[in-house]
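Here's a solo chain for you in structure tokens, the form predicted on its own.
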């Protein structure tokens, strides 16, 4: 279900991808995935997970979970809760929702127990190495300064991508590497894969596009 090439679309909290618009965005992802054969994962806001997962068959991931379990933890997002609402996995430590290394570890453990796949976001080779040692399913390297810039990290700083791939291989080759930040075109995706990643993590390049469906088709046209 998570074979190369892989596109992970983070809906963030954009107005263009919440509520019923989240369902429509996920349906675009599903359509493009079916027609192209490229694996696409949608990551809606937590309140939209159930409605999105009920409407599509492609994997739906949460944008974040906490390390807290069942009990007296008001306001927390648990792995079991998002799993029971249809999520198949979760992002952890996105640059817009950073947590401590110990919390990343606890969130990975909670996810594993709940049967969720994990994508840990990182910002450089050192953090990528530390995250890979915790054995998530994926790490996604994203320099924060390039997020939303439309300047892809694969072009602005290809060494951080190839370096992350090599570092992860030395730690555990079962952990796969994704590339994020500034991704918006099919050329960007192709470049990321050429650098050794299994795919990309992106958001605004599709969500904020005038025609998100067309933007998704553009992403997969070179792969």
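Remember, predicted model here, so these are calculated numbers, not experimental data. Positions refer to the first chain, counted from 1.
One more form of this protein, predicted in complex with a further copy of the same chain, exists but is not displayed; see below.
- Proximity of 71, 94 and 130 to a further copy of the same chain in the model of the complex is complete: all three residues have a non-hydrogen atom within 4.5 angstroms.
- Interface residue among 64, 169, 155, 27, judged by heavy atoms within 4.5 Å of a further copy of the same chain in the model of the complex: 64.
- Contact annotation for residue 188: none of its heavy atoms lies within 4.5 Å of a further copy of the same chain in the model of the complex.
- Although the partner is absent from this view, residue 76 contacts a further copy of the same chain in the model of the complex, with a non-hydrogen atom inside 4.5 angstroms.
- Mapping the unseen interface onto this chain, residue 98 counts among the residues with a heavy atom inside 4.5 Å of a further copy of the same chain in the model of the complex.
- Residue contact check for residue 134: one or more of its heavy atoms lie within 4.5 Å of a further copy of the same chain in the model of the complex.
- Of all the residues from 102-129, those having a non-hydrogen atom no more than 4.5 Å from a further copy of the same chain in the model of the complex are 102, 104, 105, 109, 123, 124, 126, 127, 129.
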